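Next up: just one chain, as structure tokens, the form predicted on its own.
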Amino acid sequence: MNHPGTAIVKLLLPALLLSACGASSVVISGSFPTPNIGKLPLSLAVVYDDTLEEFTYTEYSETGQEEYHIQSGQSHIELFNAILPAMFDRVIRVDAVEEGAGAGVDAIFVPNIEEFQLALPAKTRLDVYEVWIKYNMRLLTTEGDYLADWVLTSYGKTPTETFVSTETAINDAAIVALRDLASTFALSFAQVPEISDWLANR
């Protein structure tokens, strides 16, 4: 005759095994310093669409199993919320490009993530966690026409000796990549040829 506790263990064991096999969730979070640069005399409306706000990357094992779900959309919004007010005289958020037309701004900015890549030490045999992110940046007129459309890439890495867990290491590498984006974006914005011409003709 089985002890009652044995039945409970038999019921719980499959659930525990399924949980152990599930992918780990990583929600990217960190702080972003504001760039110390002169402001451009512009007012800007920014649109964070659903593809950015809800962006999630899934890393698969070599056998095709899901290993990590990395949610980074909110961290990108926090990043732009930190750097844009330091770059422009006035920044407002609108839900759609169409709303920017009546917002009394000079241009509308729409950032998006095109690609996210993660390199884990177990796969690369290197003692670092690495993150690459490719962005598509669009600057539009208040009528929704293109002023500029350009690509930026960012990179971050975390040496293995600095992390407590894989999840922490992934987060830290992603934050370094985001800070890399902040620096590149702030320094290169006015140097984008289409934007440079637009500014010169204002």
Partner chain sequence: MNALKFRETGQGKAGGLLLLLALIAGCTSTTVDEFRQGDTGIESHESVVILGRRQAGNRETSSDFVECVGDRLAQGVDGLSVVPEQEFLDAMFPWFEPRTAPLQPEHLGRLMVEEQVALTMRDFGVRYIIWVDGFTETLNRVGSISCTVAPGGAGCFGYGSWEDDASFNAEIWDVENYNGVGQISTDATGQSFMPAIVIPIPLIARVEANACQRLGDQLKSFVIGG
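Positions refer to the first chain, counted from 1. Nothing here was measured: the structure is a model prediction, and the numbers come from that model.
Just so you know, the form predicted in complex with its partner chain exists too; it's not on screen, but the next bit is about it.
What I'd like checked is whether E130, K157 and D180 together line its partner chain in the predicted bound form, meaning each has a non-hydrogen atom within 4.5 Å of it.
Every listed residue reaches its partner chain in the predicted bound form, so yes.
Given the stretches 172-180, 140-148, 64-72, 48-56, which is the single one in contact with its partner chain in the predicted bound form, using a heavy atom cutoff of 4.5 Å?
Stretch 172-180 is the one.
So which of S43, S29, T153, S165 gets a non-hydrogen atom within 4.5 Å of its partner chain in the predicted bound form?
Of the listed residues, the single hit is T153.
Hey, in the predicted bound form, is A23 touching its partner chain, heavy atoms inside 4.5 Å?
A23: no contact with its partner chain in the predicted bound form.
Test of understanding: in the predicted bound form, would N136 fall inside 4.5 Å of its partner chain by heavy atoms?
No, N136 sits far enough from its partner chain in the predicted bound form that none of its heavy atoms falls within 4.5 Å.
Consider A190 of the chain shown here, and say whether it contacts its partner chain in the predicted bound form, taking contact as heavy atoms within 4.5 Å.
It does not: once its partner chain is placed as it appears in the predicted bound form, A190 has no heavy atom within 4.5 Å of it.
Is the gap between L126 and its partner chain in the predicted bound form 4.5 Å or less for some heavy atom pair?
Result yes; L126 sits at the interface with its partner chain in the predicted bound form.
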